[in-house]
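There is one chain below, alone, in structure tokens, taken in the form predicted on its own.
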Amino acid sequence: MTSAAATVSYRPRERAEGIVIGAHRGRNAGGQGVFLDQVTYLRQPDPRRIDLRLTLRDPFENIYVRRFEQRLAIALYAIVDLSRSMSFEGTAWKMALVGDLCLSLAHSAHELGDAFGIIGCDTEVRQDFFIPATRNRGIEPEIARRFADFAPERRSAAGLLRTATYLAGKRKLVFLISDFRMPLAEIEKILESLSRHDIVPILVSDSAEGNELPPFGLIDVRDLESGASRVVFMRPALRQRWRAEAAARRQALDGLFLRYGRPAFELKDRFDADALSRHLLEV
């Protein structure tokens, strides 16, 4: 895990709700923030914001009030798959990549005055990996410590389906972080359960998982979820079929994620905060 957290730029897809002043465009106009427009006093009876110049110029003697676009804070959550497949280590250790990402998100949220929290799941929502959203910068060393000390052991990420109950209240920006090595129907249920929030899928992968398959020879293949392994005789036709199936699954995943708002960002081999920022600001 890197020592200095990089900053990620982000913005919610919809206007923010709430009362805590922050950096994001709010849903409602108010008396503070960036100038928005002028409306009649009947629409916004706020004597503190009367625009005298416009009021005196109006031949119909209407009274006008200035409105401002409120800037509000939001809450971010990282929902993290902690199942055994996330322990894969090829070009990089997946959990180290996820730790870097979460630390960077926490740092970036606190820079903007937003709250950040983590919900870690394997077969269930892990209470030892649950950090409620907070604006307290003191959690950043705690996040680094938890990822540094953690080794995924359980086979399933079924707990992801139960995270929605931890996200009550206003709409949140939710980073759903996983290698998504589960059936598509299960992934869709998870997305559906979180659909009232702004979901950012983060697909964790490693180039050693597929691209380095030899064209010919015996290879040892291991199922990361079950731990079972077997020897496979690799040949060009089989390698081509595996790659085609991997490409088809990725296409199906992309289509599924787009139905719930955003395409996935692929966190592959290393964490690049600038690439993630571009992804978040472009979609």
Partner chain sequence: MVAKPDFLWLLLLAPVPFLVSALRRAPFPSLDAVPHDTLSSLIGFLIKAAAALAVAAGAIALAQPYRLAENVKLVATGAHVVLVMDRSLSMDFTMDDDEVGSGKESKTQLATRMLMDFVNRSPHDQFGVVAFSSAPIFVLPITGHRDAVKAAITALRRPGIEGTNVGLGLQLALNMIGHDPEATSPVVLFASDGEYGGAGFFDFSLQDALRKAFQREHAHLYWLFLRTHKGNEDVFSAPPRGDEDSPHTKPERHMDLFFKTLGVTYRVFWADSPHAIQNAVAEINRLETRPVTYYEEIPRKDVTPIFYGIAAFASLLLVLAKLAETEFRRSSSFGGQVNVI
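The term rigid core refers to the most C-alpha atoms you can superpose between the two forms while keeping them within 1.5 Å. Keep in mind that this is a model prediction, so the values were computed, not measured. Residue numbers count along the first chain shown, from 1.
Another form, the form predicted in complex with its partner chain, is not on view; read the next lines as being about it.
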Check your understanding: Out of the stretches listed (170 to 178, 133 to 141, 112 to 120, 200 to 208), which one is close to its partner chain in the predicted bound form, meaning heavy atoms within 4.5 Å?
Key -> 200 to 208
Revision key, fill the gap. None of R270, R13, R262, R25 but one has a heavy atom within 4.5 Å of its partner chain in the predicted bound form; the exception is R270
Exercise for review: Find the only residue in L42, A247, L52, L218 having a heavy atom within 4.5 Å of its partner chain in the predicted bound form.
Suggested key: L218
Exercise for review: Kindly confirm or deny that G90, D100 and R235 each have some heavy atom within 4.5 angstroms of its partner chain in the predicted bound form.
Suggested key: yes
Exercise for review: Flag A96 as yes or no: does it have a non-hydrogen atom within 4.5 angstroms of any non-hydrogen atom of its partner chain in the predicted bound form?
Suggested key: yes
Exercise for review: Using a 4.5 Å heavy atom cut-off, state whether E153 contacts its partner chain in the predicted bound form.
Suggested key: no
Practice item. Answer with yes or no whether P214 is in contact with its partner chain in the predicted bound form, where contact means some heavy atom within 4.5 Å. Key: yes
Check your understanding: Any chance V34 has a heavy atom within 4.5 Å of its partner chain in the predicted bound form?
Key -> no
Point to revise | Displaced residue check between the shown form and the other one: P236, CA, 2 Å or over, core reference | key: yes
Review point. Is there a C-alpha shift of 2 Å or more at G255 between the shown form and the other one once the rigid core is superposed?
Key: no
